[in-house]
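Below sits a lone chain in structure tokens, taken as the form predicted alone.
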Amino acid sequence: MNYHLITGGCGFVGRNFVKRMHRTTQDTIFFVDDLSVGTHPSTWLPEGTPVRKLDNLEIFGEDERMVFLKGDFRDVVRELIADDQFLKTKYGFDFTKFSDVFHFAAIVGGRAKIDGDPMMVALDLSIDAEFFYWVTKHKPARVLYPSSSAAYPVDLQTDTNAIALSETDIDFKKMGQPDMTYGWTKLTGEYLAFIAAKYYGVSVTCIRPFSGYGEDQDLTYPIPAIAARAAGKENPFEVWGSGKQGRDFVHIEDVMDCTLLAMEHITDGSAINIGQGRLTSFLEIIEIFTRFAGYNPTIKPLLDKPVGVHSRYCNMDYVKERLGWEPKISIEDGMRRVYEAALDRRN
């Protein structure tokens, strides 16, 4: 049996990977989260999922293949660095060698977090440094490092200079200015991934997801928040900034599909974009959701709110050519799923 590790396994992306790996493999998934942002597995696993407690582990499912440890991953990784038999010795699980490792542990949040507490976000530097130090000692079969579209130079994302961002727009030998401390930390993480692959022989894949969304995303993120307000028929409808700023929205199912495919083909720590390759403004998103809701509200811009860069979207040509992959879920279909989930929460 293979054992996989998912750090930050209770956050939006992490928990979707836990469920995907449990559904599509017969392997055991060990996931760690301090629940500072993520939510306990009992809130997102199917109701009635069996759970057994073992010390401070919680083991979920009839087959007991989802093993959760609540804690700061940095504390766990320090134990593993000191003694790679730590998990086996303490809990009896033979997690002495992981196959796939997915590193989603991070200080994350919406624009309010990125702009409002940039020094807290900078703690991602310590999370990633300790993670990669352990990776170079442990040598798992494959490692996934999720970078971010925030790593791209902000001067390519303005209202007068916006382009479809290509992987080559990030060059470690000719650096641009990424987006706040979050962008800097993710860019640094990509460099650590490159070092781990080149100098330590670790198979590492980096991804740069653009604006991922999904039905179970936290309401601190714009897409589920806008959907919830449309379901409640908010009028006037508030939008941060002018609403003309745009992003490249991609559904979590597409993110997972592309990620798992990339891990089969990319081992050198290089990064790929994951998006629709389409710029959609927040005004367009509001129009979609209010159309679903059957009304036409007045738009109220909130010009004192943080909005980030004006236009952020990606060029997907490289991914299409190298992996033969394209997103399957359209903006319309994906937003419909989110809206229906918002209605369900209201009922």
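One-based numbering along the sequence shown. Since the structure is predicted, the reported quantities are computational estimates derived from the model, not experimental observations.
Although it is not shown, the form predicted together with a small molecule is what the next lines describe.
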- in the predicted bound form, the residue from 27, 287, 34, 58 with a non-hydrogen atom within 4.5 Å of the small molecule is 34
- Query: Which residue, 269, 243, 183, 209, has a heavy atom that falls within 4.5 Å of the small molecule in the predicted bound form?
  - Reply: 209
- Item | Segment assignment from 98-106, 172-180, 132-140, 229-237: heavy atom within 4.5 Å of the small molecule in the predicted bound form | 98-106
- Message: I'd like to check something about residue 276: if you look in the predicted bound form, is any of its heavy atoms closer than or equal to 4.5 Å to a heavy atom of the small molecule?
- Response: no
- Message: in the predicted bound form, is there a heavy atom of the small molecule that lies within 4.5 Å of any heavy atom of residue 72, even though the partner is absent here?
- Response: yes
- Verify the contact flag for residue 259: yes if a non-hydrogen atom of it lies within 4.5 Å of a non-hydrogen atom of the small molecule in the predicted bound form, no if not. no
- Query: Should residue 148 be counted as a contact of the small molecule in the predicted bound form, where contact means heavy atoms within 4.5 Å?
  - Reply: yes
